[in-house]
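Read the single chain below, which is given as structure tokens and is the form predicted on its own.
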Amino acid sequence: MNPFRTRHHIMRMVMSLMMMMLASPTLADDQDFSTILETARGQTVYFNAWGGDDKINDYIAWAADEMAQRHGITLKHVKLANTGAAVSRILAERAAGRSTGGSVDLLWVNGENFAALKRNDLLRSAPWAESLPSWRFTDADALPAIRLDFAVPTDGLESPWGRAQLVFAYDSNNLASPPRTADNLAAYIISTPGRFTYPQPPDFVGLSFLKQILIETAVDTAPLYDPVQPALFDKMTAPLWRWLDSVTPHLWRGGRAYPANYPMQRQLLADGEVDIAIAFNPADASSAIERGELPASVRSYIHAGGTIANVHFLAIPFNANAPEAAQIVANFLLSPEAQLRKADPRIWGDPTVLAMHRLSEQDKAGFDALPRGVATLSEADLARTLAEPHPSWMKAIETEWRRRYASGG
């Protein structure tokens, strides 16, 4: 026997064994997910998600049809006016000792609501998000926000679902040059009484607008990215309250009423009651034009120094009744197929969290072929972003806003 050939044969066997050992975690993951998939069949997922926009509701209905056909999973959309209501319900179930059979299986969440869930141990404890097969299509190095929710580490407890950025919309036939800074906006509001408003807190877009003004007017923004300190709160927010005090009497309806959410404010723009609308989706105006809800002359803009941007997520509560099916739904919603459909401005227009270099050529071509929309800003324009403050600031600002302005200022 040739000793060289024998040694060569042994080396090949060792290398093959090493490759099998290296491959085993992936194989185990696939097997584990197959087990999850089998367990999930026949389960019902109560998906608690904001229900204030028809295009989003229609998208979730499409996902429900797909889950039923592909996996025998019933997906029920529990339409929320405020995500905090679902968080309170989960907290109440924990207090009542309801450790299983919870009323929420999957929750659309980010920011303070995620921080509250994590702080109170109300989330599925085993990290699951980065074990989803669709996670491989993301890139946390290129988009760190998929692992940071308003500066709070996600630790695999929620799966990224979409990106968002604060944008403003205006009718170019009525407003030639929109105001692009907080100071210019204040001057515009005062000079054109009744032509501007914002959604009423605790609406997410309304609070995001307040944070935008806070960042733009703050002397030093660094403390905004740490948990709020009561001793610093008054000093840090004083410029915001001065800004609001100056403009509130000149808002739509004299600041005595506010639209409940951004679709209602968008309708005010469509009806010609206000000059500017606010959304947290760069494609919102284009989608509304496509659906005939806004005139074709509407365009979008952001402020000169950038606007707040973030990632939104899906989370599974600690006592979910159908945690396996919830993971299957989250995995599908993170898939290139579902993300492509969601990114289409004719359907929703929510920007994807996927990394194009991680996709197949066919999927990448699908994203490249998406219509940008006549009112959607370029990626270069949208690159001017501001990081979300620590989530504790949101609740503190909401509380103080209610004290000062909820009764009409």
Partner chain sequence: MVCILALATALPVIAGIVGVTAPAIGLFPPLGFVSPSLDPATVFLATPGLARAVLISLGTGLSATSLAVLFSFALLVTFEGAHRSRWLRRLAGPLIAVPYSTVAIGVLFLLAPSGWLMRLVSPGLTGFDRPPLWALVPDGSGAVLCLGLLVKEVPFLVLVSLAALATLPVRRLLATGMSLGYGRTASWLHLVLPLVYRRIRLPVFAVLVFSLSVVDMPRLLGPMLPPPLAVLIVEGFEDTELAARLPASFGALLQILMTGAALVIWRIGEWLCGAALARLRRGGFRLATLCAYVRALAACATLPIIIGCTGLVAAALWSVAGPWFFPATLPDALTWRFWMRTDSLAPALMASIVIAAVASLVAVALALLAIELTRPRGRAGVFWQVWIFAPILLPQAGFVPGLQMVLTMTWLEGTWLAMIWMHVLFILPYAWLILAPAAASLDRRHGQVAASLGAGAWRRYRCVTLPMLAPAIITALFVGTSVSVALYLPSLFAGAGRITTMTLEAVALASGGSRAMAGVATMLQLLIPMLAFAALQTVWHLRYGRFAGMRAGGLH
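All values reported here derive from a predicted model rather than from experimental measurement. Positions refer to the first chain, counted from 1.
The same protein also exists as the form predicted in complex with the partner chain; that form is not shown, yet it is the one meant from here on.
>> Each of Met356, Ser378 and Thr385 within 4.5 Å of the partner chain in the model of the complex, by any heavy atom, yes or no?
In response: Looking in the model of the complex, the three residues Met356, Ser378 and Thr385 all stay beyond 4.5 Å of the partner chain (heavy atoms).
>> Can you tell me which of 131-139, 95-103, 307-315, 213-221 lies within 4.5 Å of the partner chain in the model of the complex, counting heavy atoms only?
In response: Of the options, only 95-103 has residues within 4.5 Å of the partner.
> Is there any non-hydrogen atom of Tyr258 lying within 4.5 Å of the partner chain in the model of the complex?
Replying inline: Yes, Tyr258 is a contact residue.
> Is His390 close enough to the partner chain in the model of the complex to count, meaning some heavy atom within 4.5 Å?
Replying inline: Because no heavy atom of His390 falls inside 4.5 Å of the partner chain in the model of the complex, the answer is no.
>> Residue-level question: is Ala81 within 4.5 Å of the partner chain in the model of the complex, judged on heavy atoms?
In response: Ala81 belongs to the contact set for the partner chain.
> Looking in the model of the complex, any heavy atom of Gly51 within 4.5 Å of the partner chain?
Replying inline: Result yes; Gly51 sits at the interface with the partner chain in the model of the complex.
> Of Ala238, Ala85, Ile190, Ala126, which one comes within 4.5 Å of the partner chain in the model of the complex, counting heavy atoms only?
Replying inline: That would be Ala85.
> Looking at Gly272, Pro227, Pro144, Gly72, which is the one with a non-hydrogen atom within 4.5 Å of the partner chain in the model of the complex?
Replying inline: Of the candidates Gly272, Pro227, Pro144, Gly72, Gly272 is the one lying within 4.5 Å of the partner chain in the model of the complex.
> Looking at the partner chain in the model of the complex, which residues in 192-218 have at least one heavy atom within 4.5 Å of it?
Replying inline: The stretch 192-218, when checked against the partner chain in the model of the complex, contributes Pro193, Gly194, Arg195, Gln200, Pro202 at the 4.5 Å heavy-atom cut-off.
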